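Quick setup: one chain, the form predicted alone, written in structure tokens, and binding and motion questions come after.
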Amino acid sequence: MASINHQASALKTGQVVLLVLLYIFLYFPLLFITYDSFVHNIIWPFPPEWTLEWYQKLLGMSDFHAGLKNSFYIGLFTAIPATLFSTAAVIGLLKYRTRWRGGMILLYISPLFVPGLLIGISTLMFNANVMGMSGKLISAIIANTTEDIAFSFLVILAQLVRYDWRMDEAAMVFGATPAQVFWEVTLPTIWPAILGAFLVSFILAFNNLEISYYNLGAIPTLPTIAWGSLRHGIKPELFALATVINMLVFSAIAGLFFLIQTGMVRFGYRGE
């Protein structure tokens, strides 16, 4: 009995050690970048000379302001249609059965198997030669929506496979119209999944480089500004920029985690 307890304790200790090493491997680069954004000299001085100089310079960069605005527009106006289209697709495929369901699901997730570089180049050629609108924000939004629909589709599909569609049928039996069923029965149950898909789509489009780079021309975004700055060497302002973006993302995740912990948000259907 003592031998079994010893083995279980050793196994648990090993799992904890591996988990700690995994977190160090994942988050140490982020912590290092954050540290570098607050020191005057990034070559590990001791004691470090703390400063906010790089954030002050970042605030004075006009291209940073334009890039932040453009990245926000791309993220927002990509997430909205991607979430709407993927929600409608998942509801249609799960609620109304068809023998073509498997093929249609593959069609929706097929952008996941195409490199973002190819999506960017192909949409650039299509928008320039067919639509006549290359080098515009709308071109980058359409291109990012193509990829983000696949991600939001999987997020919503993972949650709605457990949805009990008999609730909708019961509501219609008692006289509810299809619109009333959706707004009063379906949407209040599945909205956390829709919110999750929206956040995933927004973050992916906001941080995207390879797709947006080929469709924006000279229009700056935060990823293209960072990419262009690397040609002249890594500047401390980039560390400050990366820290700001990371803090925004982690703040959104922390806020969502708080809502989940308090019970204000519950992802997925928890039927009996």
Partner chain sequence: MAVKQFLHSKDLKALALSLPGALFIIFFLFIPLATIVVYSFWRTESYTMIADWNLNNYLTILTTKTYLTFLFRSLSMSLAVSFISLIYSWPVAYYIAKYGGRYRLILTMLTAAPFFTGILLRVTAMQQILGPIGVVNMFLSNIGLKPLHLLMYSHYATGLGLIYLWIPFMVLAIYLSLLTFDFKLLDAAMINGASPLRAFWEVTLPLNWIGTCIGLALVFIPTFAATITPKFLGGVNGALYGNILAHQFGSTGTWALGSAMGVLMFTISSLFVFIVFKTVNLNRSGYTGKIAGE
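Numbering follows the first chain given and starts at 1. A quick note: this is a predicted structure, and the numbers were derived from the prediction, not measured.
The discussion below concerns the form predicted together with the partner chain, not included here.
In the predicted complex, no residue of the candidate spot (57, 66 and 194) has a heavy atom lying within 4.5 Å of the partner chain. In the predicted complex, none of the heavy atoms of residue 83 sits within 4.5 Å of a heavy atom of the partner chain.
Not displayed here, the partner chain is kept clear of residue 75 by more than 4.5 Å at the level of heavy atoms in the predicted complex. In the predicted complex, the partner chain stays beyond 4.5 Å of every heavy atom belonging to residue 219. At least one heavy atom of residue 28 is located within 4.5 Å of the partner chain in the predicted complex. Of all the residues from 193 to 212, those having a non-hydrogen atom no more than 4.5 Å from the partner chain in the predicted complex are 200, 203, 204, 207, 209, 210.
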